[in-house]
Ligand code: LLP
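Shown below, as structure tokens, is a lone chain in the form predicted on its own; questions about how it binds or moves come after it.
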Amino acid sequence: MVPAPSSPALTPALLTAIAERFGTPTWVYDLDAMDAAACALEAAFDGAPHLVAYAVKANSAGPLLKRFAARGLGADVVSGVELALALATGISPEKIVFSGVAKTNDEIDRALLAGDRGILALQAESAEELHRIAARATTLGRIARVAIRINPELASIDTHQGIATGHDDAKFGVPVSDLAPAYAALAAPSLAFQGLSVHAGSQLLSTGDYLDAARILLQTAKDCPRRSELRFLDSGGGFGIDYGDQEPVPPARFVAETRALCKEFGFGDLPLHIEPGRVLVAPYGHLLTRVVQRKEVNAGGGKRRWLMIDAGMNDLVRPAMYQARHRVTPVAGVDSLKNCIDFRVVGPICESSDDFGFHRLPEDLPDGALVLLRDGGAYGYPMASRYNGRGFAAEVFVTGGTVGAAKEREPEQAFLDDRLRF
């Protein structure tokens, strides 16, 4: 049997109706399932002081951010626009942290001027950035609440090199071996030190690297010359999901084991922040697409079969960028793999990298059949482009078993207007 989607509310009948109404390709999200995942992660703290700061870059859609805000989540933002989104969807400035290695002066100003006191913390990633934040705060007559993101300088991280951030060659964070200049920068009277943060990388399937980074964070906190000023510690995000052939540790276990470490180091009462993104949204968003045609040739000593679909790397770039694999399943379902053969599933983009890999699909899958590219609720639409003149796909949020919010596919004329406006 082919495994069912992680979102049982997305029934074949509903998906077919969505395709008829919005066309394909269309992103379809189970908003209730995303909300349930957030609720479960909140519950994992068992009442201990904490902040779940959702990583907005994973999926920045308004309906999702509004639901998470209502749930009480905070936000981890990495741009001024993401900050504006978080605020506009009801997330309190007191629950927003701003990460990123190259925040502009304008972005720093936005963070400092949000609400009455600015956001909870600008997470500085260099001593130079702390000096810039201090200067902007002085100019604006504000006190900037800041944290320092450390780089744990891990020797290796068990994930794709493109999403590993906690090694000594990464652009992220202040190396733990070179914290003195950052600590010295905190002496500026316009800065208020709040905490320390760390992020090992993304799509972590086990707690090993995450806890290694957390230990370094906690030891750094213990040795910090301004330890008494700490208001929180942030162990980051990166909790992995099952893309079809993995067995990730549940996110609640990351929380439990990190909390145990905090107690071991004497920080059990200090609020613990985490920054999940993918784990809350990826399994509950799928790209609904349609078969355009099949292609079969005899070459290289055997038969080669392609299945062309109307979604491409402009819609879902992860396979081309990270060699990621997303399951492809027919919306109508498959009772048995006995009648399936291997197809190489590819999109319409004029690039060889527009390739979603080999998948076992029904031999008689007809042109026009609906299929799902699964588990794309994170880093799908947010990383999309208009490459080859293809407009952005529609987005549909399902709640209570029906379409709750939707955005139509970008019309062709929008691209033409943009390119001809000069």
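When you see a residue number, it is the position in the sequence shown, counting from 1. No experiment lies behind these values; they were computed from the predicted model shown.
One more form of this protein should be noted, the form predicted together with the named molecule, which is absent from this view; the next part is about it.
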The named molecule in the predicted bound form has a heavy atom of only one listed residue within 4.5 Å, and of Gly118, Pro276, Gly347, Gly74 that residue is Pro276
From Phe68, Phe356, Trp27, Tyr379: within 4.5 Å of the named molecule in the predicted bound form by heavy atoms is Tyr379
Problem - Joint contact, Ala55, Gly237 and Met383 to the named molecule in the predicted bound form, by non-hydrogen atom at 4.5 Å - result: yes
Which of 33-41, 362-370, 390-398, 55-63 lies within 4.5 Å of the named molecule in the predicted bound form, heavy atoms considered? The stretch 55-63
Report task. Considering only heavy atoms, tell me if Gln203 and the named molecule come within 4.5 Å of each other in the predicted bound form. Result -> yes
Contact of Arg318 with the named molecule in the predicted bound form (heavy atom, 4.5 Å): yes
query: Hey, in the predicted bound form, does Ser99 get a heavy atom within 4.5 angstroms of the named molecule?
result: yes
Legend entry - Non-hydrogen atom contact Phe265 with the named molecule in the predicted bound form at 4.5 angstroms: no
